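Following this are structure 1 and structure 2, which are two forms of one protein chain, each written alone as structure tokens.
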Structure 1
């Protein structure tokens, strides 16, 4: 509410000044440009990750991840299993108190269906330097398909503050050539 009433109580019936009208038109057109640019880049730019989210019980998700780790374990690093699932399979990654579990080893050029979830707190899954970022919430499973195009070691960090051990929540994802992948499983 204004301190004093306007001189003309029907101010909305006053004509719009040309400069003000020009700025309104510019803002409207810029909004249209941004809207269509975002939809174009989402559909054709291969920039945004398309994922699906499902409700899930954290214990049920953890059981699936543990079964996968038992079935495809190839070695351990610092007490965490490194798993090498077959191409085209479902891979499970858990964000739990200040760690990612298990460590994944995938084959270059092969597609995998990722399933991500948090157990107790909100976590941010960030795969670097690929720049895949997903916010994980307990009770929700995020599913997306990924085909690694480069081999090497990639970093996984939590980019959502999750408590006093947040700074230690880092892991890695290995992408290996097909011939290297067979030798690690033998």
Structure 2
């Protein structure tokens, strides 16, 4: 029994029944399939988080974001600039207690190089309702390329606990059609 020593002193030499053996082989192969699905997706899939990260001082990161906001600001909402950077450019988003800064306005179908970092605590970038969730750490600049494929108004909420104001930390992200985008810039 399972609560007594094995009856057979040399239990390793016992054959495993073919039903059990078949299951072990199936389970092993399934593991390999899952493993290679993950690696396959890296080569051919569209949704992979990049490995690019830099160490950065929070103030230095904030300065880069402010420079971008100054250059491409199109309007303000409740005191927070709405920024419309050119397609393909670097866009910066700061997570700090308890807001996201600035508000980004992007064009549908265009790629942007995102730079995310947190100022004091860790924050969680959670883009809704797309449901893309990426972690921010203070002192680290997380860089990846993202291509919005839907237009409209999206929510960015924080899903990493960051103190007593955590539940108020929410912002917006606009994705506009290319034509409207041009008219806004003119």
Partner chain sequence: MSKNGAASGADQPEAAERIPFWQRVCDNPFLLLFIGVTVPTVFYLIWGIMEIAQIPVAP
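Since this is a predicted model, take the numbers as computed values, not measurements. Residue numbers count along the first chain shown, from 1. Whichever C-alpha set is largest while still superposing within 1.5 Å between the two forms counts as the rigid core.
Assuming the other structure does not fit, state which one is the form predicted together with its partner chain.
Answer to the question: structure 2 is the form predicted together with its partner chain, whereas structure 1 comes from elsewhere.
Does residue 17 move its CA by 2 angstroms or more between the two structures when the core is aligned?
True for residue 17: a C-alpha shift of 2 Å or more.
Does residue 28 move appreciably between the two structures, meaning a CA displacement of 2 Å or more on the superposed rigid core?
For residue 28, whose C-alpha is compared between the two structures after core superposition, the shift is 2 Å or more.
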